[in-house]
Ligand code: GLC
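There is one chain below, alone, in structure tokens, taken in the form predicted on its own.
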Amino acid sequence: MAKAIDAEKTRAKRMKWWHDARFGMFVHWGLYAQLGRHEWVMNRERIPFPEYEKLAATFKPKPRPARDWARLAKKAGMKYMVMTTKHHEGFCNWDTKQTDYNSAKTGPGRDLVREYVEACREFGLRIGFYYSLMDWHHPDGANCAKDENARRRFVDFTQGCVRELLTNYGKIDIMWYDVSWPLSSPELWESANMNAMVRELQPHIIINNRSQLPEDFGTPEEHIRAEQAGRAWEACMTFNGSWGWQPAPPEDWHSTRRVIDMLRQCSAGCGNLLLNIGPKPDGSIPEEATERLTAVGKWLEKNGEAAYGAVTRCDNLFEWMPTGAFTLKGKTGYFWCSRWPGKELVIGGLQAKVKGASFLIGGKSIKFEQDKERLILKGLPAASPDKIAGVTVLKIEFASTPKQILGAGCVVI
């Protein structure tokens, strides 16, 4: 049995960097990329094992593609990365002793996880490992729910893989489990013991909630929704509807503006955004991802104050506005104006006195008038000053923690 560590007592300290980071890159990459028909292609098309296994020999990535991923993540303003060490297909992207079905003993002939770790360190990014508990390839991956001997073997295999990942690569920051099928309880998975082992090996690590235990943070998928007060969360989002490489027209990719708004939504709810790229079979980054993330990074370089760091939860303090939305740090509000109104911006229903307003970039003051119902920001330029994405951030200082009450009715005079 692994030595138990009191995760609750150390959680705030372990997670401070993660809360400040706000933005990370997810990387889904495996044999499925060669087929280009989604990462669930083996299951959805019922591809037989012998046919699918042949993909291991033809998996021939270019030299060190993870450096390109990490370089782009850094340029995009992302602070950490999470890579698929093993997806549901069962192929291991590292030199494991648990199975020969891995990148060192087949097609690539090298440890792809090690290359990823080295790239993260080179570009100053925190390191996360994704590991799918579900395994379509392992002979006990399905039978473990019906046969105790198979369960024992499969749990030992799983914990052996996790132990290797957290022993062989130095300090790792995030353990990101996925899909806990087919075992129906954390007791059957022996999750408490597995995660105790993880923390014994990596005392500073943080663990997600997908081993059927709550652990350090929740993981809403393909939607952005804050967890209950005090509970850390991270929205994991695809870029174009598929986690693995799949050709998609440019209009299916999230725009730069949409990525910026997703980041705002996460920051407003005190959560993080983990945005996925699905590299091509050789590890190359899709052009659409490079284009959009480069623009997002340029925007964050100038406006990051409104997103990163110790934000105050405010998704429950402000109502929707057609011109934009807020993030908040204490009594300082950041209005991300995504629909520029022209020379005046009016925000109704604010329940706090405004002490001052300015442009986040450059700090130029903005004249304003405020009465009981309306804040009017005056003398604005006719068009949005932001030429990257048309999202201009206005910094508003309040005398007290702001709140907005509008409802559906109008003011009667």
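Predicted model, so just to flag it, every value in this text is computed and none were measured. Position 1 is the first residue in the sequence shown; the rest follow in order.
There is another form of the same protein, the form predicted together with the ligand; it is not shown, and what comes next is about it.
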{"property": "Stretch from 175-183, 265-273, 140-148, 284-292 whose residues place a heavy atom within 4.5 Å of the ligand in the predicted complex", "result": "175-183"}
{"property": "Residue (of His88, His254, Arg126, Arg199) lying close to the ligand in the predicted complex, criterion heavy atoms within 4.5 Å", "result": "His88"}
{"property": "Partner-contacting position among Cys236, Leu300, Val311, Ile205 - heavy atom within 4.5 Å of the ligand in the predicted complex", "result": "Cys236"}
{"property": "4.5 Å heavy atom contact, Asp156 to the ligand in the predicted complex", "result": "no"}
{"property": "Contact test in the predicted complex: Trp245 vs the ligand, heavy atoms, 4.5 Å", "result": "no"}
{"property": "Phe368 within 4.5 Å of the ligand in the predicted complex, heavy atoms", "result": "no"}
{"property": "Distance check, Lys79 to the ligand in the predicted complex, heavy atom within 4.5 Å", "result": "no"}
{"property": "Within 263-298, the residues that have a heavy atom no more than 4.5 Å from the ligand in the predicted complex", "result": "none"}
